[in-house]
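Shown here is one chain on its own, the form predicted alone, set out as structure tokens.
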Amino acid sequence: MTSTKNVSLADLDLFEHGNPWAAFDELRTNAPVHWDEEDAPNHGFWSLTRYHDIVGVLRDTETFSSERATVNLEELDEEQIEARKSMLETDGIRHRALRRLMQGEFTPRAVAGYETFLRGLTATTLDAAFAKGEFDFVADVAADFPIRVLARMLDVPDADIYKLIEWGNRMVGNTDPEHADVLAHSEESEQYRLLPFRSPAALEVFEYGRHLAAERRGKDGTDLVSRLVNQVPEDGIPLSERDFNSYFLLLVVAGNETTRHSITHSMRYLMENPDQLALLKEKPELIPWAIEEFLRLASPVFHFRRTATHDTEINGQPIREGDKVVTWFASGNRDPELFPDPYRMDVTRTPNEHMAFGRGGPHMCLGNSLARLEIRIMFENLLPRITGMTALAEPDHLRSNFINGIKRFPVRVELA
């Protein structure tokens, strides 16, 4: 493979302003299986930027395992692997058993039961934001909406909603000085090495989850916490305290962060493509399909990582046992082989087999139906109420090569 040494996807500066796209384009063209050097104590990783290579790795869990480390770039020793293992870091029978604990709660039929609640919530959220005229789209619309759905599913009080948002920010923002309690690669973070994201916020999430579990264990509740504490996975192995902590933390983070960023990115792309916004206003029946283009462009998770279980190769490039192999979903979603003119927003694009939720394989996002429903209802309610929306400043991006996040996006709304 061609060496492209001037490109490093380990460089957070590349992502801080939300513009890694030229680097992805260069790698897809010249080095689709690219070795990225890293600072010690990490040892570097292989970056996959082409769609079909990514799909091949996601589907081959025997060769490219989730079990040996986290899904991001941090390298863990055996003690850390054991302490921090979650459903994301599990393969095979145990992964299926853990996934099926909650699978029924996230089917299209199950999440459709939230539609009436979501429509009322959307109206309330938009009423409050639009009354201001000028507002932060992230804080007033995108962040407020999915976290309230999650709170309902967890059956936690509205008063705790902003704690959930703050915990998510502090954990996934562990490489952003604004959000991190301690930066992930700092010496100070070593004391939190056994915690997810090396974040002390995880301790607060664990404590909160354990309190809910103690209240609901042995009762007949139907919320997600009650289901976790009162069911045994189908493999017959009960959830350990670590298993419960990890599962609860995953619900808090995944149920909030990715959807809110998808909503923000989607609105930004519509603002930059007024012809597409006008088309959806004229033909709202297109919105359910347009969600797929929103998700493709938003790509709220930049990458997931796997570890090679034995010596192998990808496109002729030798990969050694133990090497990190990183699947860049955001790049796959702009692969011109799958998506002609990939930087053009086309809400009628078909087919649109994007990989915002992964693409095939056992780890495809459990909450994808809920996310689609939330985004659809948001835009079905938002678009008829506006003639346009204007950015008052450039979006402020999260300093991360893991989550494609927007921290702030001040806008002015023009109401219909």
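Position 1 is the first residue in the sequence shown; the rest follow in order. Note that the coordinates shown come from a computational prediction; the quantities given were computed from them, not determined experimentally.
There is another form of this protein, the form predicted together with a small molecule, and it is not shown here; the text below is about that form.
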Problem set entry | Stretch in contact, per heavy atom within 4.5 angstroms of the small molecule in the predicted complex, of 161 to 169, 304 to 312, 118 to 126, 188 to 196 | 304 to 312
For this session: Report whether all of 99, 254 and 365 sit within 4.5 Å of the small molecule in the predicted complex, measuring from non-hydrogen atoms.
Result: yes
Exercise. Is there any non-hydrogen atom of residue 262 lying within 4.5 Å of the small molecule in the predicted complex?
Worked result: yes
For this session: Answer for residue 33 alone: is it within 4.5 Å of the small molecule in the predicted complex, judged on heavy atom distances?
Result: no
Exercise. Would residue 331 sit within 4.5 Å of the small molecule in the predicted complex, counting heavy atoms only?
Worked result: no
Exercise. Does any heavy atom of residue 326 come within 4.5 Å of a heavy atom of the small molecule in the predicted complex?
Worked result: no
Exercise. Pick from 225, 338, 295, 319: which residue has any heavy atom within 4.5 angstroms of the small molecule in the predicted complex?
Worked result: 295
Seminar exercise, completed: The one residue among 377, 347, 383, 58 placing a heavy atom within 4.5 Å of the small molecule in the predicted complex is 58
